[in-house]
Ligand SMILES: Nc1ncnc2c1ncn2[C@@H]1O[C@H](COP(=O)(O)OP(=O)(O)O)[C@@H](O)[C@H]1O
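Just the one chain here, laid out as structure tokens, in the form predicted on its own.
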């Protein structure tokens, strides 16, 4: 063998060794990377764990906080607001009723013609109106005049299918989804504006009085019969169609619950006991917190950086506003500490709330063999091209951990309500517990199938097959709209006249 050939062989061997070393180093680095991913996932799974024993502790804590909130104002993280709704719809209501639903940058006006027990809702119509941004930060009269003007136009379009008895005033239910200190069924003072509204002169004023004056300025003869929030409306809508509804839960962008309480079980109620013996309580359960809630470092950081630190902790674990954000924070950590998406951290992954819960749901429900939907969402939304199947599987696994924790905790909250009202067992005092229905509303519950099915399965797991058999969780749409009209009917000034 010549000298040149020997040299070539040596160079080739050296090159082969170098390549082999690079391959080995890459594989070692790759296996080290995936080992770190696995370790972080294991830690997340352990911190988010919701064994049934822990869920029962959460349910017990919820029931305890409910008792404390009913005993005195400020006695609990749960506000347990008295709604003054003591006559829920029975299904026997008749006549024409209106609703106004103000909860954001749009509002809805709605009318229903009720036909009593046999015919229920004969006809309904609604219209949605956008509020000009300037009116959201202008004067109080200007905002309410704009709303009343739209309401007057809607009333003017009333067709022949809608009938108001001669000599009667039109009545309307007002869904007002902002913090209010309610003082009666049809009055409440605004505590503060949220959702982009900022009109100082309305704060501390009775919002029903503001609306009534604006209605009068339009020359419209209409009485506001009920002031409610959307959760109470969902309960009313549910009860109208099913007399066994005892609670309502909204699981959407935000979350809340309302339920029917025995009036004598509300120590902070100092008025006359209502004839019905019942009172609807607006729990404001998003503010629930307990040492039993499984919080992670991601949750703590989200809370610290939020607009309302240390508040709405339950909401930050279970609602649509936050589930996608928790997912983003976990993915960012994995990208930084374990190079989940390669050697760079995707810049868009650093933007808060870049990952919305509907996107998380779409990825979580991806059943294609190569997780095509996951790959497309990561590429289109976060600018992460060419993700490996392994990385996509990790994304789905995180979706599962975060969503299941939220769903199981929501189920524990519902179990806590049923415990408080004595509906969490099959038998009580030797007698069978009656059928119990919980009305559910909100896009998270309606559209995130895995979340919904996990909530229902967890609920059965907590209560046991026998007790769960008498409890129905039922989807109830549009409580904030039709529920307000139904409560206007059940609190109508003509109600006693019709019953006599």
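All figures in this text were calculated on a predicted structure; none of them were measured in a lab. Note that the rigid core is defined as the largest set of C-alphas that superpose within 1.5 Å between two forms. Numbering follows the first chain given and starts at 1.
This next part talks about the form predicted in complex with the ligand, which is not shown.
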Using the partner position in the model of the complex, report whether residue 320 sits within 4.5 Å of the ligand, counting heavy atoms only. yes
Just to confirm, residue 447 within 4.5 Å of the ligand in the model of the complex by heavy atoms? yes
Does any part of residue 106 reach within 4.5 Å of the ligand in the model of the complex? Heavy atoms only, please. yes
Can you tell me whether residue 225 touches the ligand? I mean in the model of the complex, with a 4.5 angstroms heavy atom cut-off. no
Just to confirm, with a 4.5 Å cut-off on non-hydrogen atoms, which of 290, 253, 149, 333 contacts the ligand in the model of the complex? 253
Let me know the one among 358, 115, 274, 342 whose heavy atoms come within 4.5 Å of the ligand in the model of the complex, would you? 358
I need the one stretch from 34 to 42, 437 to 445, 461 to 469, 53 to 61 whose residues put non-hydrogen atoms within 4.5 angstroms of the ligand in the model of the complex. 437 to 445
Can you tell me which bits of 267 to 296 touch the ligand in the model of the complex, meaning any heavy atom within 4.5 Å? none
Align both forms on the core first, then report whether residue 104 has a C-alpha shift of 2 Å or more between the shown form and the other one. yes
I want to check residue 304: does it shift between the shown form and the other one by 2 Å or more at the Cα, with the core superposed? no
Could you tell me whether the Cα atom of residue 367 shifts by at least 2 Å between the shown form and the other one after core superposition? no
